[in-house]
Structures are given as C-alpha cells and as structure tokens.
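This text opens with one protein chain seen in two forms, each one given by itself as structure tokens under the names structure 1 and structure 2.
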Structure 1
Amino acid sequence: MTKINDQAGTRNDALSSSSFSAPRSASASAPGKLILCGEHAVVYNRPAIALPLSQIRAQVTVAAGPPGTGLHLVAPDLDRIWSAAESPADPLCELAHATLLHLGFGAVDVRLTMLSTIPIASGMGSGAAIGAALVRALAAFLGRALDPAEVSALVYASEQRYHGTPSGIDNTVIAYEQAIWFQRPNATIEPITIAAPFTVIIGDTGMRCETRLPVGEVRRRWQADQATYEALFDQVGAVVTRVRDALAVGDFAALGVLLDANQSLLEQLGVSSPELEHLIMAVRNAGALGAKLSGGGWGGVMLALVDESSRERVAEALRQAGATQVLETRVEATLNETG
C-alpha cells in the first residue's frame, strides 16, 4: 500500500477551531464497495474484482465546536454520541487523530456527524467508507485536500489496527472510486477497464454473519480435501478472468452468465444460504441478466445485473421476496488508469 509521508513541521500543540482560519463546517463522502466476483477463492491466491458503489455512500460533516471541548463523534444511525477523550482507542477516534497528525495538527475542537446508506456488516465496506469520508471531511475543514493515495493509506492503517491484516481492497476501491483487480500473494491491485456503464441492484437478506465464520469453514473443507477445493478455486479464477474481459468490451449478456456461474461455484464451496438463494432465484425469474451473493456469504447481500427493461421488475421482485433493503447503483465506464 502507499506509505504516508511525514508532514514537515508537524504541530503537536492542541488547536481550537477558533485559532485558525477554518469554515464553520465541511462535508465529504465516500462510496461503498461490492465484490463483483472472486470472493473466497481470493484468499487462495486467485483474483477478485471489486467495484465502488457511487450512489451508495457514507457522509461525514465536521463542524466547529466550543474551545476546549475536543473531538466528538455523532452517529445518528446508531443513536450514539462519544468523545475521543472518553474513547481514545475507538477506531474512528484513532483515525481522526492520525489524520490530524498527518495534516500537521495535534487536536481540534470539532464535532463529526456520520451518516451512511451502506448496510453495516454486509461486506459493502461501510467501515472503510465512513473512514474515508471522515479523513476527507476533516482535511477539508482544515483547509487541505488529500489525494486518493493519502486517504487510502490512512484508512488502510486504521483497518490494520481494527482488523489485523485487511486485504487492501476496501480502502483502495473506496478512496479511488475505481474498479479494481486484486490478487494475492503479492496483493496486486490494478484498475480495470469498464467499456460501458451498467446497473446493479443489491438485495439485503437482513442476516448478518461475521466474514471469518464462512472463511474458516472453507478453510476447514480445503484442509480436508485440497484437490477438490483447489479445482473449485481454479474455476472461480477462470470466471473472474472472463468477467474482466466481458467488462472491457461491454458484453453484459456474457457478464450475467458469468455471475451465475460464480454463484454456482460459491454454492459448491458451501458459503451460500437459503435466504441468499431465495433472493437470487427471485431476480432471475424477474429477468436479471445474472445474480450472485457478494462478500462472505451465509447471509449479507446479493447482487443482480440488470438492464433498463428489467431494472424495476428486479427491484420489486426483491421487495416481494423479503429483502430488508433494496439498493441500486450505476457503475460508470472507466479508463484503465487510477485516479
């Protein structure tokens, strides 16, 4: 990952919001992310493709606080207010302090209000999106603009403190708002070409499962029968490569077939669930070009690739099938370069 350069002349003294020229408030946002294909096999050195969700975002607003009050965080979605003084080890408090240090400040008196339309604990990068929005909003409040590499590095360091060894997918996709190809063991992260825009509809099962649980189960199965699971991972990797090719030429009929193929392989890996498959069948019957689970599985979300003729039918089918949330996002065409 990109390293953060030390700021020359870092100021370690506490500064109140009234002691420098800053606006009364500043806001910034960041998108969620979605694994389009390759989850689980990516742990075993096969590639995965992830997308930014430009219309599904987190937003942070930084407002000046009374002198001497320090840093406060407000999360209306969680009905929670807390301070850095009371919770210095809180991941978002630590990220705010790391951002201030990177910008050359020791402390400020501010109130950060966080809102998000990204489902929590759904594999859609809600934590990294809040983190990226926080970094950008705090920088804007202090009169600075950080480039995507700086935002990505700050969020990655925060994810390391909180999650241990994150892949680097979330912070990269979210900071750059760029579709990426990711592959271990060298953590290769490359932008990919998307020849034409397309629409994805996301259905949330409402069931939450810690990613480590299905990941651990796949690990146990792999250890018990490596030949079978290596063959499945190879098939997933081949699908991901073909997905990249389909995106590069805008062949969405082929993309839909490949997403269905990836779902079949995920079912064979044992990470799907009746609830996910119920939603997937509903959207296929409603005319989706293809559909699959996204993320760890055993709950969480699924995605459906749609065209204009099927978009509304698919969204309604998800609601009728019991999805707790139905979200829509347009994935824009890209150039094969980051930034």
Structure 2
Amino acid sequence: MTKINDQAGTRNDALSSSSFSAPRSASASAPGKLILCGEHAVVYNRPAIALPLSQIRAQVTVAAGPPGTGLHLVAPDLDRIWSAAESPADPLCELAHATLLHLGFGAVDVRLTMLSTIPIASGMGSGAAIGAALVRALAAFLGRALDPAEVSALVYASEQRYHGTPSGIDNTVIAYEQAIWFQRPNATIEPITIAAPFTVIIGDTGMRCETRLPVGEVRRRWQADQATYEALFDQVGAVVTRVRDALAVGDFAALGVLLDANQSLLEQLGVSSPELEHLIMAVRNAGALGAKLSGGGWGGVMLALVDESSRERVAEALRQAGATQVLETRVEATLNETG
C-alpha cells in the first residue's frame, strides 16, 4: 500500500485509540449560498456572483465510535443511518474517505451526525454545505485545520463525481463564506466591492429539483444549438459584469433592472418554471426592485431585491403567493481601501 503521509500524528491504516488521541468529538458548520446572478452561464465559463447565506447552515459532528466499527453517517432529519462498509459508493462516504486520504489517514472509527437548516434541492447549496461541514469536522476531529481552498477542492471533486458538470461556484462560495465573483475555467475568484448594504428576500417555491437536471437540459440544448446558447450566455455574462459595477457604486435601482434582465435570460435558457414565475410576479407587483430565480431552477428558490419601503410588503406578498419559506438576508458593504 502506498504510504500517504509520514508526519507525526498521521497514518494510513486504521486509526485506533492507542495510536492517536483524537478528541471524543468535534463539530464544524458551513453556510448555505445564494447565486445573485450568472447561474447556468457560469458552467460555460461566464462569470457569476454568489453570496453566502450565513444564517442557514449545515453542521456535522464527528464522534469517536467503538474500535472496529468503521465510519457511520447519521442524518437525524432524514431518520437515516448508514455505514461506509455497506455503502462505499455513497457520495458522503466517498467524500469522507477522500478527506481522510487528503489528511493522511486510512480508516477511522467514527460516527458523523449531520444536521442542516438548508432545504435540500432548493438552490441554496445544501449538498455542498453538508460536504464542506463534513470535511471540516473530520479535519477538526483529527486535529487538523484545512484552508478554504482545500475544503473547496475536496467538495468540488465530490460534486463532480455525482453532479456531472458543476461549475465549482457552490463549493467555492460556501468554503470561503464571502461574496464572490467566480469564473471558470480556472475557478478564478475575486472578492466583490459592495458600496452599501442591501437586503434580499428569498422565496421558496417548495418544489424540489436536483441541480443536475436543469443543468443537463441546458447542456442538451447547447449541444443542439451552440450559436443560440453561446449568445445567451454572453448576454448573461454582460449582465453579471454590470451587476458588479452597480454593486460597486451602490446603484440598487440599476441592480434591480439587471436582476430582472437575468431572469428573462434564464427563462430563455429554459430553467424557470411557472411556480418560480408566480413568486417573481408577486414580488414585482409588491414593489421589489428586481427579482429572479436563484440556483438551478425548475423549482427551488427565487430572490427579490428590496429596499426599506418594500421589504415588508414583498415578504408578505411571497407568503400570500404560497412561498413555503420566506427568508431575508442582509448583504453587508465591503470595506474599501480607505474604509
């Protein structure tokens, strides 16, 4: 067997209590995320802007298990418990093993308990957040700290195995937990300048849709008619660039118009849905500055840009229109050079 790591405190065979004094348990968490603009086109190397949703989080606790029991995953919310021995191809078991390998460990006897307040398959990054929390919690349990780039890379590799062609934006914004400008093919990330704070209201359609489904449909459409879809992606990229400019000067009227323009392009890409458009129409009628779906689409969530005068009305309009969950997130200004 290849020896992975020879450093003190690491080993590549089964971790036993006599060889490593791990704490009895360790926990870590990771936030949800919101794509402000640029989803789908980002898969095709156009830029996108994403925000962390720090108030909704996934949390993973790693606790030492009895020697020889191996790795178990527990999801109390789903009333589910499973073991790596029985389900080696399970995405989270594979991610746990990849993390152990990265840290220079082989097998461990642990129980990982996962809790999350991020709705699954809603466009708010639930899978990537659970993955990032799992990676961090395992590392903490083994006495290691991983930097955001390592966490992001491990989660990305896992998403690639199960979600086809992820752009990498979800794992990146979640691992770094800051507002980012993201662009493939090199997964370039830049912090964005936000001149003034603003508020976004998120409405959940309650419809669940795995991201890989609309992503696969866009891929099929693009393969059938590359000229049309490349032109649409270019238009999305131009909107995202203008969103960055609007954020940098705090022009929220312009930002609202740009979010609406992005929604219209997402409709043309075929990833919107009647449920999303019902909520989007409701918030526009209630005075939102702009609104669009966020994430993969075909369900999940939409976002509305609001100001103080429309905040309450927009949230109420979403409830009246049947949103299953209404969240509010305030995006803080970034400090500038002199700030």
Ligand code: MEV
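Small disclaimer: the values here were computed from a predicted structure and weren't measured. Take the two forms, find the largest set of C-alpha atoms that superpose within 1.5 Å, and that set is the rigid core. Start at 1 and count along the sequence of structure 1; that gives the residue numbers used here.
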### Task
Eyeball the pair and call it: which is the form predicted together with ligand MEV?
2
### Query
Does P88 move its CA by 2 angstroms or more between structure 1 and structure 2 when the core is aligned?
yes
### Task
Determine, after fitting the two forms on their core, whether H97 shows a C-alpha shift of 2 Å or more between structure 1 and structure 2.
yes
#### Entry: Core-aligned C-alpha movement of R313 between structure 1 and structure 2 reaching 2 Å
no
### Summary
Superposed on rigid core, A133 CA travels between structure 1 and structure 2 a distance in Å of 5.8
## Note on the structure
Between-form comparison on the rigid core puts the Cα shift of G106 between structure 1 and structure 2, in Å, at 10.8
